[in-house]
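Here are two versions of the same chain, shown separately as structure tokens and labelled structure 1 and structure 2.
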Structure 1
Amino acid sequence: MTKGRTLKRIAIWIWLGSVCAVSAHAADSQKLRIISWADYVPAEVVAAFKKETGITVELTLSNNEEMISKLRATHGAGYDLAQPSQDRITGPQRDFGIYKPIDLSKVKLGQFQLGLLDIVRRNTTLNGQQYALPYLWGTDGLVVNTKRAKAADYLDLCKPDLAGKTSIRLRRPTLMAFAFAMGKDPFALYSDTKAYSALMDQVGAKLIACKPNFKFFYDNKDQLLNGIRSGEVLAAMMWDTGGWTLNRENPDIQFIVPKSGALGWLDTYALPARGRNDAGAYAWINYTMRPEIAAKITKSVGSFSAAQNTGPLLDPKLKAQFAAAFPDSVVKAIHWYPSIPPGLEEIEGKVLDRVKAAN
């Protein structure tokens, strides 16, 4: 083979490689891979987004634990946008490097509620870089059939007259709720493993003593909703919009903000470290924070958007239920989950296992 032919062949391979690279990039820019929760990415919003931008959304349903596991296994590849809770970001990022910082210059920050932006900024900033933006939020409190039971705080689920008629989920939010109801602040002990472990042991003992009151530990929303509808369960620790759904069916069933405070969760937008379509991710973030789009998402999932100016677009009944449960003073008293330090979930898991195994 002559030198000229060799150079020509090399040039052809370089040209083919560049064409393939350009084609792959073009394909990536037309597909947005999102890993998120059920109902968070409504089909009608996906269709409207594609019509406006030409970008197809590919959705994978997941939860916090699975999101972290999948991104850890791929070193942050496989998805362009993830939606973990704000307390599950800096720990995994510190340990595994699965996210990339948010480029705030590409975000229409004026579309976000400033208070929620600030909460997420504080809880998802690591080494001076912010790794998430707020998407949806809600609270856990009490749902009570007020005609047949009385409960004003989480510990009331343990009252003798409610034996066999209450329910909780055997997960860490219940540990946090009972700790606050016992007059403690578990979040204030996050940096003191010994003190935190001692508090969790106390909470575990309280839950074990209360176990005869629990009709069941619920695993999914339908199980709990049906238990309350049937009258099998009269009071439960439960999320706000589930309680409001039941209230629309039966006015005697009400969502109650506990005296010790509601627990607030915030799910986010986060960019996986090796996502291939950041431009599409930012386009989706800005699109879904538009008030009219955010209102459609709220209708789909039942939880509240972090977007500004959605109030006039929401269902009037839902707005009234929210206003009744959360006047300004109560909103300010919500206990927002901070970022979880390493090791605490292992402590909690052992306590939950003891409660589950107790007779």
Structure 2
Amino acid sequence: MTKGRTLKRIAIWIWLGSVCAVSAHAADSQKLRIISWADYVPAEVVAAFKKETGITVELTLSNNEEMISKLRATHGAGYDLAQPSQDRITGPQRDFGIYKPIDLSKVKLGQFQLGLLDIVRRNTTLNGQQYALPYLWGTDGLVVNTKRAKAADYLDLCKPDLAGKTSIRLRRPTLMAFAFAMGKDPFALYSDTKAYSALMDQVGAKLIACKPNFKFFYDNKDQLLNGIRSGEVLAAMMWDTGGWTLNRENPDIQFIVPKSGALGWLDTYALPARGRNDAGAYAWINYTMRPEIAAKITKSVGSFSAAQNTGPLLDPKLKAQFAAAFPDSVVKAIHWYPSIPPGLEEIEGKVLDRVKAAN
């Protein structure tokens, strides 16, 4: 008796559902969902991109760990483009399969700086497939209020006269930095888990001994910037352009390349495994690697683009700051992060926990 009506109803629902699906699909190609770091996707570039392609960029701010965790939770869905650091790609990919390989035929590789492209290719290739392309790079070093404090290397953050006046991030780059400052090369021990673990224990002990010197472990850029601006923090481990930004406000604050060498970080473009708009992502990659757009991004973010030929377009002040901090010999000595072999992060994690819990 009601069978006919029920069928009709089901048909209507299916029809409605398919309409929604189609329209959702149509919307997808006009929408690019990026998960990235703060400042990495400047609003003016997003606006210009939309004007040219009609694609709207939806941005989620994050950091390496959260990016990986979110993608892991959704098995690589929810975003069309992610921007993790190049050393954090193969590990999570091997464990969680959260990315899809880059189709190099869709990328204008000529727009990239070859050296950086090479580092990324080396570090993000898994089972013969490349999972990332370089986007922005910079170095970690020391930011020091030179009028009130002196520091030439990371270990100087532990000097008694700076007690309670320094800051670091309680993350793995800090472990690497302190290891180099202690005269060791942690990257050389990547393949020797035992030796690496011993080294990390030493670094951990050093940080624990140093803990009273740290005002706080900063978690975000603003927290550190505020600390330095207010004078609560006189010296910190920080990235170069952050230091230069502060330098423009207060000439006493300077970015210093540590004696043990700067640590070079390199953030990338990577495609989440279940992203829905790969075409949009490739369009965005090619667009943001155009020299004039890359220069705009560099100016806005303050970090250096992996694009070629941006030199003439860059802000002279930034160029001068870079030249002053990084003469050729120093650039050669930058330690680039190699890809992290499995198991190491667990070792580092325990060390970091111990530092956190120490009194």
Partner chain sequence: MQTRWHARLMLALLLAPALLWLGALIILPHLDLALLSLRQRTGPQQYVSSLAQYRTFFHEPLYWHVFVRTAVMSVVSTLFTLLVAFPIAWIIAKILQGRASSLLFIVCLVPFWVSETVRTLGWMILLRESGVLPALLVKLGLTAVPVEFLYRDATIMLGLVYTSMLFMLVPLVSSLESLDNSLIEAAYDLGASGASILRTIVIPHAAPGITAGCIIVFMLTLGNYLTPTLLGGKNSEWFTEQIYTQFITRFNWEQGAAFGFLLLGLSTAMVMIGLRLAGQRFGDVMRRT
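Please note that residue numbering is based on structure 1, beginning with 1 at the start of its sequence. The model shown is predicted, which means the values in this text are computed figures rather than measured ones.
Taken from the form predicted in complex with the partner chain is structure 2; the remaining one is not. Looking at Arg33, Leu224, Gly264, Phe112, the entry at the hinge of the rigid-part motion between the two structures is Gly264, while the rest lie more than 12 positions from any hinge. Comparing forms between the two structures, one finds the smaller rigid domain rotated against the larger by 12 degrees.
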